[in-house]
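There is one chain below, alone, in structure tokens, taken in the form predicted on its own.
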Amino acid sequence: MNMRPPMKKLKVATASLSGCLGCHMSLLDIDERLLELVKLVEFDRSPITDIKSCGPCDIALIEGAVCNSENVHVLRELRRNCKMLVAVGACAVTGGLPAQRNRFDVGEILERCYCEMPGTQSKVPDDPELPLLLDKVYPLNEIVRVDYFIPGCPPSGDALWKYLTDLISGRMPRLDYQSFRFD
């Protein structure tokens, strides 16, 4: 798809909360179209740029579920600074695989993993540098307002490309059923 660059490049930020980074890998899977994308947008906070904070931006793509206090901070910062927030992938949309821990007590999980398993230490780490775990795992829309959702685990590079180019062009983003992938 050959797109005409917008008058002013849109600013795009991305973040990965608690998940596997598969959605960012799908973004890289747009392959050579990534070169076309950088003609249309400027990347702000993103693993692609290694920028750690978010300034004002037009679109924020966020993958992963909300599992800890740092995730909440990053998500709220992005929501404050972006015009459109897009939940990308099953973890961001529903809590995904990280939400499997919601059936259990967090304290019991930590005790089991750090104190009871063979070869582990005798206490749960309590370093102040570690983010505080939340009582359960949340999808993004339970913490902030989300403007758009891209389902999939992960969404394909083609689906992300279509969605992004629709947003950049000012069209309502639409994906057909064949675009959804849950590996």
Partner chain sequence: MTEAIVEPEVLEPIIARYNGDPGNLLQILIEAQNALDWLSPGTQGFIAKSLDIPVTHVAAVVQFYTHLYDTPRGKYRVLFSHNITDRMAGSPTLMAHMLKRLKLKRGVVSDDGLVSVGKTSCTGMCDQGPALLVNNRAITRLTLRRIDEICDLIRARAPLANWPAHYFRVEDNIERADMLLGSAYAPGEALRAAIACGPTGMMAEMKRSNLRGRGGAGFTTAVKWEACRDAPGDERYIVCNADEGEPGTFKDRVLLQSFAERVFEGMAIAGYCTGARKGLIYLRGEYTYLRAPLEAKLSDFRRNRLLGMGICGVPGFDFDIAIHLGAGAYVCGEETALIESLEGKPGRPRIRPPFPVTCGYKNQPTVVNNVETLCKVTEVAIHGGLAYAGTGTRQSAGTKIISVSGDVERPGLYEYPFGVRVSQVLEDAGAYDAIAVQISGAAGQCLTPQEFGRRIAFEDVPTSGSFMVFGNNRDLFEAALNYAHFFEHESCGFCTPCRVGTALIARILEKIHSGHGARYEFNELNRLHQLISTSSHCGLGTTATNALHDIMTKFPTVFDRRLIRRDFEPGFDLDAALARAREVAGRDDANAHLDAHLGEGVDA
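Numbering follows the first chain given and starts at 1. On a predicted model such as this, the values are computed, not experimentally measured, just so you know.
Beyond what is shown, the protein has a form predicted together with the partner chain; the following relates to that form.
- Although the partner is absent here, Pro125 lies within 4.5 Å of the partner chain in the predicted complex, judged by heavy atoms.
- At the 4.5 Å threshold, heavy atoms of Ile143 reach the partner chain in the predicted complex.
- Looking at Thr49, you'd find every heavy atom of it more than 4.5 angstroms from the partner chain in the predicted complex.
- The partner chain is not shown here, and in the predicted complex it never comes within 4.5 Å of any heavy atom of Lys83.
- Partner contacts here mean any heavy atom within 4.5 Å of the partner chain in the predicted complex, and among 36-44, 23-31, 145-153, 56-64 they occur only in 145-153.
- In the predicted complex, the partner chain lies within 4.5 angstroms of at least one heavy atom of each of the following residues of 79-116: Arg79, Arg80, Asp105, Val106, Gly107, Glu108, Leu110, Glu111, in sequence order.
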